[in-house]
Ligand SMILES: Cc1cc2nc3c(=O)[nH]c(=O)nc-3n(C[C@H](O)[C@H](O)[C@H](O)COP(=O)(O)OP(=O)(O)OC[C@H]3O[C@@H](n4cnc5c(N)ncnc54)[C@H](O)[C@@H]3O)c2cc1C
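One chain is shown next in structure tokens, namely the form predicted on its own.
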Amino acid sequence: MPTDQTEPDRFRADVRAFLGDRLPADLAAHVAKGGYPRSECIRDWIATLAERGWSAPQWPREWGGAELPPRLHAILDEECALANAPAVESLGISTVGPALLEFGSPEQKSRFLPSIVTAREHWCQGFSEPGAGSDLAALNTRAVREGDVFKVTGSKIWTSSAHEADWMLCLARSDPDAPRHQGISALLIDMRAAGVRVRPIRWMNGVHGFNEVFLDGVEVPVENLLGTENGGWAVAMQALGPERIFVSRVAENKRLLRQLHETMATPDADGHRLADDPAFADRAAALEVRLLALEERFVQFLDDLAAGRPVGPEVSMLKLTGSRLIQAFEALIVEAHGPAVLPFDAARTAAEGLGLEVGAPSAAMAALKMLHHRGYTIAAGSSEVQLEVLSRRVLGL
């Protein structure tokens, strides 16, 4: 029986029942410890969510989504986070899919969307370059059209999961004489094509997440042009647009709040609890108040979306606040665990996605996750970029 989407309480209960029935206990336990799930586990979980249209909850049903209103999407994210389900951080679903839905030809949609929503094919995003990170329009990768193909030459960096990707959504400069934002094309590149080379960039904990990607005369058929030739900037903005609200990471912050409370309530060897320390409890309460304020503003933006009202540049405050808040929660969790966060075995983390457990299970990865998520204030638009947007476009400074 379809969920009555006009009743958030019923929908929340439906999600909880689904998670209780379908979320593997060993996977949830791994995530609860802060571990990095194996790629095949994440793909299997995405395929499970896709049975309900929840892997891409706001996509049209025609293409495997559930057409959830923004508020119900937020409830789904929150319940998944609190159940310790792995985050569905699939670039195919979050960035490539929205771009295909808006700009893809019927053939491109039929070819790619079904395999994206069920995680049968994995995508990476070829946007950032060594000299073009926050200033994306400065990219230098070239796409030269020769008959029915584009020949693409250049390099990309910080390319998440490129070593596991089947396809890349790549931005390349196809008209070097056009203004910066007008001479870029978006191309769908087969990662198995001749001339594609991937080199790993390992995190400090040994996990392989980022990559450099080198493109040496890679031939891309013209039918893999997404949108119009030299119209890639519009494709990029569509690809990046959906993340602006949900990158506030309210659900993830709520999971960290619960983890902090659990850590504070656990007695140490002498029987003392941080929950009974007024100074520490005040610091935890201050973060909780910041989270409540973030959630209130987040809900207001969701209501704007649901009502069809445009979401303006002020949405940058969500990303700015949410990413900083995650870092603050994780720093306090590390402090709460104390010395138990220090033991570290990079080989085990790389192989198993877990750290050494000498204290509470959640302590093993606390420091590593804190260091890893320092990047949250860089990825998806750095804090400096968000402040620039707010100061110029909202405050008029």
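Just count from 1 along the sequence shown to find any residue number. Predicted model only: the values in this text are computed from it and were never measured.
Beyond the structure shown, there is the form predicted in complex with the named molecule, which is absent from this document and is the topic of what follows.
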Using a 4.5 Å heavy atom cut-off, which residue among Gln125, Thr321, Asn205, Ser185 comes into contact with the named molecule in the predicted bound form? Gln125
Quick check on this chain: which one of Ala99, Ile326, Leu91, Val117 has a heavy atom within 4.5 Å of the named molecule in the predicted bound form? Leu91
Using the partner position in the predicted bound form, report whether Phe210 sits within 4.5 Å of the named molecule, counting heavy atoms only. yes
Contact of Asn224 with the named molecule in the predicted bound form (heavy atom, 4.5 Å): no
Please run the contact check for Glu384 against the named molecule in the predicted bound form: heavy atoms, 4.5 angstroms, yes or no? yes
Answer yes if any heavy atom of Thr263 is within 4.5 Å of a heavy atom of the named molecule in the predicted bound form; otherwise answer no. no
From the candidate stretches 151-159, 229-237, 306-314, 77-85, select the single one in contact with the named molecule in the predicted bound form, where contact means a heavy atom within 4.5 Å. 151-159
